[in-house]
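Heads up, the chain below is alone and in the form predicted on its own; it's given as structure tokens.
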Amino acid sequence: MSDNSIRFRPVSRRRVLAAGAAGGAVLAAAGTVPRVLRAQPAAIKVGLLHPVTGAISYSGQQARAGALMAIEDINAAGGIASMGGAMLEPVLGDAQSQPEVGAAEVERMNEEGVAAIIGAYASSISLATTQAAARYDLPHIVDVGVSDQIVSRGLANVFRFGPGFGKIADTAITNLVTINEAAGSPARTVMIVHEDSLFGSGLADLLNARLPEHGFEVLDTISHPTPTRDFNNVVLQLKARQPDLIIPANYYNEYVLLARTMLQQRVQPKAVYSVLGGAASSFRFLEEFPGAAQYIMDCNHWYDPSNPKSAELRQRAEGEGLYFTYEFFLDYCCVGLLADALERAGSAERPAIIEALAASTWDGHIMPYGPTEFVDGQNQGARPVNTQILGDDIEVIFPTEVASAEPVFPMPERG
């Protein structure tokens, strides 16, 4: 990483607008407003719709922060050149962790004239917001929502940048089999702990269907609501059955509480192997609860650690007091994807943006993806990675071409 003293820090959009307004007032008073200022192209309104309050607000806040940093960067670099340097103007929305509120926010954003929407993090919320946006042919880039129902309804306005349930589950199981076989196949039994919304339930169904095909026995599947404040009963069930593998699928707060309770009750599986674990690939989790976090594996959204842009963006995020989570950098990339489409469209008209997104080959991201290519709204270049918390960092263990460490399996006993 570059030294903090020379790290580029984007100028705040608020400061830019305030300075511009003050300067414009002085010039107007002098009667010398340049023509170029009077001809400044209209800003392009971009809806940033995330659950920034409610049960999953931490993830929504992280997503919003990543999107806002990307907008500042694009504006600082001159805006959308093909539209005369038009600036991006964020229109913020809060889904309050509820699908119906997310859909209502789409209605408001449509009335405010947004050119596109980015969000809405959770699968259940994204399912509602994409459907609401379709009524207005409003382009909607989905950042995280992994339910494949989001892109299987034939909605021409919907584009999911990251991978979905099916691809993530397939990758997770393939890599699990590889890890297990390399260690002499010590793991055979599994228990799944998942939150009970569309995200967790859908993933649990996929895992229950596919794990037995690869020789794993699913001993039990335990669901829980979000929020859940006590995992003692769940962990007692895990302790009684003693599975070789525990697979959690839940949001950040519940994941952390589950992992801490397992450590306190000395539950020692051969691996905690997460699939879309809400905290398993989180620097915040590692920093706050290193004992509970150690050796946990995850198949999830992650950046390409071999890309120099990744280190720069991580340093900038942490310099702003933020954790470099997948919500942050996925939304940062989604704004870049939209900006690329606007450049090629040369227009903020919704049909033009949809057409440009559908033809995207964007590769300016920091993900371990191929070039963007949408088929039925799903980015075919997207893929998850496997991570493992080792020491004081989160390492990539698969795919091998971007791996930064070898997997540690079975995991050593934790104190």
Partner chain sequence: MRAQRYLPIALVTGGLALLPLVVTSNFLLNFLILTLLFALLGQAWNILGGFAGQFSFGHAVFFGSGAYATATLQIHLGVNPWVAMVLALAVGGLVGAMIGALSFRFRLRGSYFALITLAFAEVFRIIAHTADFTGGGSGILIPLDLRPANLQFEDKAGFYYLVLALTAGSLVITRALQDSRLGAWMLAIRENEDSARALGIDSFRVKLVAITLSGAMAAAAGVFYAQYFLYLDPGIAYGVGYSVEALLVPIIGGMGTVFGPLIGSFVLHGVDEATRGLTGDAPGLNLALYGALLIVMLRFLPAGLMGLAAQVKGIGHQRRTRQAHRLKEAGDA
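Here the structure is a predicted model, which is why all the values come from computation and not from measurement. Positions refer to the first chain, counted from 1.
The form predicted in complex with its partner chain is left out here; the points below concern that form.
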property	result
Contact assignment for its partner chain in the model of the complex, among Ile179, Leu127, Leu286, Ile71, heavy atom within 4.5 Å	Leu127
Answer option from Ala183, Leu92, Ala86, Ala311, heavy atom within 4.5 Å of its partner chain in the model of the complex	Leu92
Touches its partner chain in the model of the complex: Pro305 (any heavy atom, 4.5 Å)	no
4.5 Å heavy atom contact, Arg188 to its partner chain in the model of the complex	no
Touches its partner chain in the model of the complex: Glu105 (any heavy atom, 4.5 Å)	yes
Non-hydrogen atom contact Glu100 with its partner chain in the model of the complex at 4.5 angstroms	yes
Heavy atom contact within 4.5 Å of its partner chain in the model of the complex, the stretch among 196 to 204, 170 to 178, 275 to 283, 326 to 334	196 to 204
4.5 Å heavy atom contact with its partner chain in the model of the complex for all of Thr372, Gln380 and Arg383	no
Residues in 339 to 367 with any heavy atom within 4.5 Å of its partner chain in the model of the complex	none
